[in-house]
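Next up: just one chain, as structure tokens, the form predicted on its own.
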């Protein structure tokens, strides 16, 4: 039986959930001739109790964190220390499993060569446990025409509460008390989290060099929305949603995030209530709709664990499309921005 030692960076909601999932997979790992164990866990505060993780594995010292391990799993978030350790692991030849969409979006130039080699696994970075990255990779045989998604559950919650009559501030405080908001709330309400995700999807499907700066230039959040505006749209048969889109415009691929008016019959409205949803349009496959849970410790950890299986089996990680896809001549579905 070969022992596989995992370095886990981050033991918050997702990291703790992963640690709790691992023991239940011992028999499956054994069937592959493997024994998988946590070697050490990097956290901010090693004195804090972490369910399912022996205290002796906890450390706050990144020095030597990657010594004598076989895989790095990064679920801490951020783009500085997490990015440096991810790159260090990749340069050491270790496979890396990450759920860090901000890192993927903002430090892509450094990560891209490793992703192209198949050493970077990141299914959990977009739509958590809903396997959208794997599905989109299987669509490379199509001409991508456009895609549109609701990929931030916090904004969906805020919009729903305002539709029900809560003010923006009231809805915001509710979301904060429920733990829905990022440590920096502007990542959610400013549309930045959604921008990170559409950037990841765009590089996977249409342009491996899609610029993060250009995506941010076309990103707007929901801070200006009001209950009156949302309720008026509903009365007219529309719903306002924060939508992340990828579409052709003036001969180039464009990614954008902004609130738009959608007919109440649109699949992003009917399927995107309380969960993430994405509509892909391609030729010849036509329109495809994906929907499922886009957040939660256990849900996200399940995708991380799925990527770990792929790495242990020697299967490649999520590789970007080899070159920029042709830009279709036809215009994308028109949405009215709010």
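Quick caveat: nothing in here was measured; it's all calculated off a predicted structure. Numbering follows the first chain given and starts at 1.
There is another form of the same protein, the form predicted together with a further copy of the same chain; it is not shown, and what comes next is about it.
Stretch 141-149 is the answer when you ask which of 141-149, 155-163, 99-107, 227-235 has residues with heavy atoms within 4.5 Å of a further copy of the same chain in the predicted complex.
Think of it this way: in the predicted complex, a further copy of the same chain has a heavy atom of just one of 52, 46, 306, 62 within 4.5 Å, and the residue is 306.
A heavy atom within 4.5 Å of a further copy of the same chain in the predicted complex is found for exactly one of 289, 269, 312, 66: 289. Though the partner is left out of this view, residue 209 does not reach within 4.5 Å of a further copy of the same chain in the predicted complex, counting heavy atoms only. Contact check for residue 39: no non-hydrogen atom falls within 4.5 Å of a further copy of the same chain in the predicted complex.
Using a 4.5 angstroms threshold between heavy atoms, residue 316 counts as touching a further copy of the same chain in the predicted complex.
Contact annotation: residue 284 falls within 4.5 Å of a further copy of the same chain in the predicted complex, judged by heavy atom distances. Highlighted residues 134, 137 and 323: every one comes within 4.5 Å of a further copy of the same chain in the predicted complex, counting any heavy atom.
For the partner-free chain shown, 123, 129, 130, 131 of 101-131 come within 4.5 angstroms of a further copy of the same chain in the predicted complex, judged by any non-hydrogen atom.
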